[in-house]
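One chain comes next, on its own, written out as structure tokens in the form predicted alone.
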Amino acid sequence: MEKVALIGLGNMGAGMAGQLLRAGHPLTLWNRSIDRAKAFEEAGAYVAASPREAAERAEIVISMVADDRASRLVWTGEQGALAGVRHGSVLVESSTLSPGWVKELAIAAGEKGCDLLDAPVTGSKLHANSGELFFLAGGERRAFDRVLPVLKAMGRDAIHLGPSGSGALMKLINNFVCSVQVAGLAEGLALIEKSGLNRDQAAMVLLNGAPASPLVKTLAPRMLSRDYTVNFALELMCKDLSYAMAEGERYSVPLITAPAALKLFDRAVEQGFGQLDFSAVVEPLYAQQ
């Protein structure tokens, strides 16, 4: 099996690391907080002192971090992964990023004799922990074919969507659509709560009728029970929506429902819910008079 480096052990990266170890891949890890890496070290992973060292030890280098800024920090600079990559390696950026930065990173990878795949995922912490992520890949087909066994070790499947940036753009579109659904669900549940309708009966209607998408079925119970254990952080949805809106403007397709959804998510962040699950977007609506 090819040697793999994974950079980032947050809610998603930790689950991905566990799946790679279970599949038997020689694994090197780097995380900003070394405490998160200790359990994986005990399970057989090597913990690198820097992204550069992690890349030096691998043939496939995967990053799973929060945003463009974090991605730049782990890839670039004297101790960044690009400084340590081997010629012929495949770099996989699985973070949810702007297509502009992804294309810039692909050029930098090419200058090092490497291919870059942008391969963000659909799914949450639960899917990462159970190996059920779905990878949305952009980049060279040869690179996709080479890393497909590694992607399948971490997820249920992967799809090649086209040239560099295609996976990043598809992920932003996916999360934009999700955010609008979640914002609508939050407002609907708040209206049920404030109007005096029987909450259980109203929820049964929503969860058994046309609105009952898999997302609604997953998030409605969290909103109703006010259990916001993190599967996908609310503040990250704000970031994804902002990136999606920028892409809409770039292609002259203004996403007119996105600002309304972003307003709800921003309000929840301002009130201290940003690091909770994104279902917590409903909390300010429950509280408003």
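Throughout, we count residues from 1 along the sequence that is shown. Keep in mind the model is a prediction, meaning the values are calculated, not measured.
Not pictured, yet referred to below: the form predicted in complex with a small molecule.
The small molecule is not shown here, but in the model of the complex it comes within 4.5 Å of a heavy atom of residue 123. In the model of the complex, no heavy atom of residue 229 sits within 4.5 Å of the small molecule.
Heavy atoms of residue 13 reach within 4.5 Å of the small molecule in the model of the complex, making it an interface residue. Using a 4.5 angstroms threshold between heavy atoms, residue 28 stays clear of the small molecule in the model of the complex.
The partner is absent here, but in the model of the complex a heavy atom of 65, alone among 255, 65, 220, 261, sits within 4.5 Å of the small molecule. Note on contacts: among 47, 224, 245, 70, the single residue with a heavy atom within 4.5 Å of the small molecule in the model of the complex is 70. Of the candidate stretches 93 to 101, 200 to 208, 145 to 153, 110 to 118, only 93 to 101 has residues with heavy atoms within 4.5 Å of the small molecule in the model of the complex.
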